[in-house]
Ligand SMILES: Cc1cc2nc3c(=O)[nH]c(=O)nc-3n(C[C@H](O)[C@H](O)[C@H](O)COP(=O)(O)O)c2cc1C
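A single chain, nothing else alongside it, follows as structure tokens in the form predicted alone.
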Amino acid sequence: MKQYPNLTNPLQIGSVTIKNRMFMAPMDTGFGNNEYGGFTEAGVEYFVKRAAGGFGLLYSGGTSVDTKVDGADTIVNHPEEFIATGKKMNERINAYGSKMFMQLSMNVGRNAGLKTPSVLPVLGNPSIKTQALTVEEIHSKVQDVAKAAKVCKEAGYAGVDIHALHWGHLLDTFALEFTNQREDEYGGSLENRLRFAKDIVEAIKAECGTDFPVTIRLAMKSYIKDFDKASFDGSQEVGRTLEEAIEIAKLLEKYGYDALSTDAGMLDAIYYAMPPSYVEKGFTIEMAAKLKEAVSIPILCGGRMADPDMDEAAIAEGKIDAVVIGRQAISDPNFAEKIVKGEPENVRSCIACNQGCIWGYFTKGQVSCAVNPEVGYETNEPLTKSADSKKVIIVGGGVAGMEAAYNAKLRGHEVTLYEKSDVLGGNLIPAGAHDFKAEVNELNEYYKHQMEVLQIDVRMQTEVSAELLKESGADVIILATGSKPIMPNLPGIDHVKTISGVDALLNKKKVGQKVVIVGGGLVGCEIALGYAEEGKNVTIVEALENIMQTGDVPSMNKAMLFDAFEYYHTNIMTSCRVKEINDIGVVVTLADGTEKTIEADTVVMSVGYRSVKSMAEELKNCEAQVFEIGDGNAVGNIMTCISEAYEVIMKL
């Protein structure tokens, strides 16, 4: 059993003792709140589940408290309802030894076209300008946040978190010289630009008592070159520098804040605010360490922190005091409990894909999760043993097959999993081949470990036939045969230079210095990024008008890939088609009909996947129930494979 003595050690934040150093980050869910910022039944169950899962401190998502300036209906207007719900929820959370802080938002400012310190361009729409707040409006917001904090205290919350000196939200734009051109007491010097944040904590302490903890979210670096322009490598910073963040930390401690919850980025640099897997794990730790050297209040560190070994080391070395974990708390609500027990191998890893959580919230208004299909359905009946145990045969040991086997076994069914190769994982294996996709490997290891723990009958290197399945006596047959890469029929497809994306990722051929990637979807672009980071000369050839045009790629992932290709000088050729592959390289036909030859040592084909033909037709008259799931049903992604497998097993 692995030990994590520092992660599991209590931490004092003001007057409150938190049982361990694993905190759940503030995140909006889209299903957890009612119209005034209180919690629905689904929201209550969502947080209670993560308290039961061992997290020491839970942060709520940002709740607007402004009743006048931005015209919101908030908890200030509905204190009785909020207090009643909050007391019940906090009693349940406290029963597990956990605490909860309510995050109180001053609103998001220019990120949604609301009022700002000065007249500023709206995020993503610079032709539209915001209006500047008056001093009276600032004072009104301060009064409302103090009232809201008092309501939260009465509702049983152990403290509040102020949203936020990060991501370019309202308080952040007050603090940044780049976005604050005021000439009154709220502009000019750093102290003046932080006066709003100072007024807030003083008002809360006056209303709730000096022993009521108040934390604040602080981005330690903005990573922007201009409005709507990220700085990929952090250079040419016009926002917050680490040096200024250190001075801010000192002042915030002086003003009375009890801890600093740190991260990075603005929404103009969205991939540092909401980092995909391409951002290095723990990229904020060294910055946080500099703040910790400058202040005596706890430094809580967020930003790709879902690695318990890394977290343990950072705390042990005195760089940070606690970790603030967001997406991993979604993918595995029991993450903290598993670390306390010393069982990191049982953690269902967040793969930092942003597909279900952030992108789901942005596009569908509700958080889900690529690897945890139960997110958003916490009020449903939990997974239980089936009253009717069935003999279940699963064909295919990829992610869909393993998810189906895992849940079927938990439900008490007799499960046999057949895999024709000598390894489990299917397309998880090439997908996790990049250094920046290590979490996909971790997810595969998690599934393989669960097969062992649950003692599932896994038969490797066994290719089954329809006849075998018909004669097996199975009640349920699940076909999870996966997909394989498309290799289009064109001249030179069998050339020694040509290789499929899957084979390239599996290192089945040596890849040369000059690489052409045929196909600019997400998979092709991630392959290109991997080779660009290795210093290879990379060209992407795409038939459509732009790369990543299909497939619903999360905006932060897409933005980072585009900026990475600019940084690494990756050549992107769109609206052109491959005519042939020859000894020189790739001949393409451009949009105007002319041809061009691109020199290449290696040509990687990444034009999509095709479902592997299953035995569904042959099993039509079989007595067993037959289901097709995952890529064998329709080519999708990790999220669709897992959700389909879970759905089928839950209905057995």
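Sequential numbering from 1, following the sequence displayed. Given the structure is predicted, the values throughout are model-derived calculations rather than measurements.
Missing here is the form predicted together with the named molecule; even so, the following discussion is about that form.
Hey, in the predicted bound form, does R193 get a heavy atom within 4.5 angstroms of the named molecule? Although the named molecule is absent here, R193 would stay clear of it in the predicted bound form, with no heavy atoms inside 4.5 Å.
Evaluate K99 for contact with the named molecule in the predicted bound form, applying a 4.5 angstroms cut-off between non-hydrogen atoms, and reply yes or no. Although the named molecule is absent here, K99 would stay clear of it in the predicted bound form, with no heavy atoms inside 4.5 Å.
When the contact criterion is heavy atoms within 4.5 Å, does A25 count as touching the named molecule in the predicted bound form? Within the cut-off, so yes.
Is there any non-hydrogen atom of I581 lying within 4.5 Å of the named molecule in the predicted bound form? No - in the predicted bound form, heavy atoms of I581 and the named molecule never come within 4.5 Å of each other.
Sort through Y157, F82, Y406, W167 and report the residue having a heavy atom within 4.5 Å of the named molecule in the predicted bound form. So the residue touching the named molecule in the predicted bound form, by this definition, is W167.
Which listed residue (G326, P333, G396, G501) meets the criterion of a heavy atom within 4.5 Å of the named molecule in the predicted bound form? Answer to the contact question: G326.
Taking 4.5 angstroms as the heavy atom distance cut-off, pick the stretch from 462-470, 303-311, 141-149, 114-122 that is near the named molecule in the predicted bound form. Partner-contacting stretch among the options: 303-311.
Even though the named molecule is not shown here, does it sit in the predicted bound form so that G61, R217 and D263 each have a heavy atom within 4.5 Å? Yes, the whole candidate spot contacts the named molecule.
Stretch 268-285 - residues with a heavy atom within 4.5 Å of the named molecule in the predicted bound form: Residues within 4.5 Å: A273, M274, P275.
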